[in-house]
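We've got the same protein chain twice here, in two forms, each standing alone as structure tokens: structure 1 and structure 2.
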Structure 1
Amino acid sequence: MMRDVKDILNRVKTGELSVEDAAAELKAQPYEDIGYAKVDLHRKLRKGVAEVIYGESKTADQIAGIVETMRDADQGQIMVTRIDAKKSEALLGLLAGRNAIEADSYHYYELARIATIGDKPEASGIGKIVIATGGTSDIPVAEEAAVTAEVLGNEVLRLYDVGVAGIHRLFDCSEEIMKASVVIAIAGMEGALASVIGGIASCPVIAVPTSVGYGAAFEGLTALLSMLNSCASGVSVVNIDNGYGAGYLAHIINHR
């Protein structure tokens, strides 16, 4: 934030910039206020990735507004998460209607509930991101993580339904786990998958508890607590069902 201060000051000194303009420039905010949202156009510079639109509680109309603001500011590829098929259709309609985007630049990933506008970058990074789930029911969360990582430019290997109840299914994949750049371990119920993978992997393991289960699974709380207490080193945890967060974090680790 303070990095450009010297430059501005120098331009004031040389008369290149008036005091008023300098003050204005210092105040010029790298975001756009569109009433219901202040779109963070500075994030791409600051964090390396443009603001991602959390679609859950926004209307298609609100999302379209934010997309247009970002498009106008050349924020590159745009991602919308937690958007269901119906809202995605509405969004596409709105954007196409306003000629805001070309229809073929829009992609919708149903299982992952993610929409993207613009071109997906080539996969790059240190290595592969391995995404493992305990069961079939964890797949939607896994897909949110996988699509996020792919859209940000990573190669992803999916290992689904390798839970510890049939642990040989997991060990059959131990080579992939050992060679991974990052592993995302996704499980509900007792969440033991994270610990078992954490015992094998030498890379960072991002654990994602899911709300899969019933009774004393308490909608993911048990898996969350279990993963936080993993006896294996190198494991850290994100929020319940937060596939996006895991995919994003895996991306920045894979792009160190």
Structure 2
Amino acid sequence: MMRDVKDILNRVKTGELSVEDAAAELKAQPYEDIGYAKVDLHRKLRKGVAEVIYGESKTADQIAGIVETMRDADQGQIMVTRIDAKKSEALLGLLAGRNAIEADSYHYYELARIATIGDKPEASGIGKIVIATGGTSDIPVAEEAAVTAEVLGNEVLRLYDVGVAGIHRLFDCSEEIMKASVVIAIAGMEGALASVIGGIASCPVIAVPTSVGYGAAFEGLTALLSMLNSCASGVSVVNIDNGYGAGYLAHIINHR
């Protein structure tokens, strides 16, 4: 059972909340239909994290409508992924103009292409999430993973440009990798980084193939197949360029 449900039950137990009011909170409308979107208002109860808005292909006005619906339903911190700087600026203007948010509660992470409304929680969890990239070109995907994990309440250590082409760079970070509760290994080209880290890490490794590479990399397909065929135990794989998915999964592992 999720933390929010436990909180409701504990408030009933201590007398802070009546049984009737608790039932009303749990029976609240599970989603809000706003025409172009059905906003899932029970996801935080089910999953522990409110619905995350995928910003690509949505207009700033559509995103603003979803954000306002979530704010009205007290969904807490809100995250929008895959939103570029121009759309983020328009979104902030719409929300501030409608008095839907305080301007200082809005944060935009340009490299990660993530916008958040609300403050980051204190880092918790069983340990530290380590994020390693094969090269500098993989950093945008890594930042999507890192910001996602941080926004969800995790301590993150970034190890960038430690790919197998200069493997001594990775071995210099072996102590940090061995101490991690989960490692996210992000690489394009042939995607070998995940297998190497999987061979030395004692924790789960989440592999993220990126679309970085020349023609035979097939926009990340080569790295994806390489990671799926890893001989290292304990390596799982998310989709090409899916930094958000890796950050979210790492958060779940770090809070078990």
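Just so we're clear, the structure is a prediction, and the values are computed from it rather than from any experiment. Please note that residue numbering is based on structure 1, beginning with 1 at the start of its sequence. The term rigid core refers to the most C-alpha atoms you can superpose between the two forms while keeping them within 1.5 Å.
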Problem set entry | Matching structure (the form predicted alone), either 1 or 2 | 2
For this session: Taking the rigid core as the superposition reference, indicate whether the CA of residue 232 shifts 2 angstroms or more between the two structures.
Result: no
Exercise. Rigid core superposed, residue 16 Cα shift between the two structures in Å?
Worked result: 21.4
